[in-house]
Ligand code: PHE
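In the form predicted on its own, a lone chain appears below as structure tokens.
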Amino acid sequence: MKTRHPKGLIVLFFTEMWERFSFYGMRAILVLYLTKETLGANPGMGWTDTRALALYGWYTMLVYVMAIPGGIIADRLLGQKKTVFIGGVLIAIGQLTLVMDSTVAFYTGLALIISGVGCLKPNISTMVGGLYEIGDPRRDSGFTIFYIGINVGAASAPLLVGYIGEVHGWHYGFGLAGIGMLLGLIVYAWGQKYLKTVGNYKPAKKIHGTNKHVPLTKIEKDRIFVLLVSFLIVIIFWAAYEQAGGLMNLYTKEKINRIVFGWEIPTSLFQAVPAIFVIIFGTVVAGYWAGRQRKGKEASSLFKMAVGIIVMGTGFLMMSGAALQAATGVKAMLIWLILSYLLQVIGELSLSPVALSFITKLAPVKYASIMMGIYFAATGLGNKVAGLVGELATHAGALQVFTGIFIFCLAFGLLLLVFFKKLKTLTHGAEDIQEI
């Protein structure tokens, strides 16, 4: 059995790492920049929390919704390899545009980033799946390694971009994020020799002289139905998880005691905590599920997703504890926030990389990038819902929102566990492991 991963995985690992550095650097400071007053040192745009969270929701939704046209471009016109490169160029230009201090530059930069992520994100993930043959047992672990790369970028970005932006100047932070994407493009261009067999454009087969795709089989239809269910899971998961960049970001600034050994930690730096936990616990969680599988216990993707959403939701119970303490008139202890992020990440590790791998197993090859695009569009819709939920907190109260998220995630996860065996049957053995 092969145990070493393809060299192309390392190239895609570092390309995605720098793209995520760019994205999460932007994410760490966007809401803080929008809500910072327009006067004084390092001025922002002076928006209200509600208005800033609304834009945050639209931005994070559109970033991922654009993955659908990004997937179509790859499947129908250019192939994944070229579309990824174009996406990286658009992101870099967009981030560097934000260096300019003007409203026009701000919205232009956001539009370019949205378009770029839409081209890059679904296609680079599909290319990871293309490195492995059908039934290759290394596929899930390959996606976990790839996912760790994502979070190396996500962890370092708030520490560097967040600190530079919040302390020295927002536009310096945006510029640093752009430099990160340029580094990703350099890695991607250098590593093309290891990606010769993946991401290439494959024209549609001709039927009676016209370019039409082969009709779906019954098995493919069943598998797409299961994928649509998994997309619903993804929407709900990210609607809760993405409170980190919005509501939890603002709540940390206003209600959490951030003073450690006499130093007040900048709010944006806490955006690195989940990614750091992913790096620390990524192989641990993957090892746990692999151990269950070796023992013959249930470890299917849908089962992992159900457990993941329950564990992630439990993290918000910790935030309810923080809200109860803050309601007494003192700032909540930092441990509440850290425990919340820890539980959210353990849930994330059971769901997010698994979902990426799951799509490459179930999606028909001819629709691979499009289905990955729909997955990221579902992620984007979840992000938009996250913004709406965050806005709700300004009216209903943080305690009610945090507790409501916990209850909903728990109930939905338990419902999935009730039906997962039926859904697993509809995958028609797509997750069966083969010796290679």
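This structure is a prediction, so every number in the text was calculated from the model and none was measured. Residues carry their position along the shown sequence, with the first being 1.
Omitted from view is the form predicted together with ligand PHE, to which the following refers.
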| property | result |
| --- | --- |
| 4.5 angstroms heavy atom contact with ligand PHE in the predicted bound form for Ser369 | no |
| 4.5 angstroms heavy atom contact with ligand PHE in the predicted bound form for Tyr64 | yes |
| Residue contact check: Tyr24 to ligand PHE in the predicted bound form, 4.5 Å heavy atom | yes |
| Non-hydrogen atom contact Tyr147 with ligand PHE in the predicted bound form at 4.5 angstroms | yes |
| Region of this chain that lies against ligand PHE in the predicted bound form, out of 400-408, 374-382, 50-58, 34-42 [heavy atom, 4.5 Å] | 374-382 |
| Contact residue in the predicted bound form, from Gln95, Ser340, Thr126, Ser352 (heavy atom within 4.5 Å of ligand PHE) | Ser352 |
| Heavy atom within 4.5 Å of ligand PHE in the predicted bound form - the one residue of Phe174, Phe143, Trp238, Phe358 that qualifies | Trp238 |
| In the predicted bound form, residues of 96-121 near ligand PHE [heavy atom within 4.5 Å] | Lys121 |
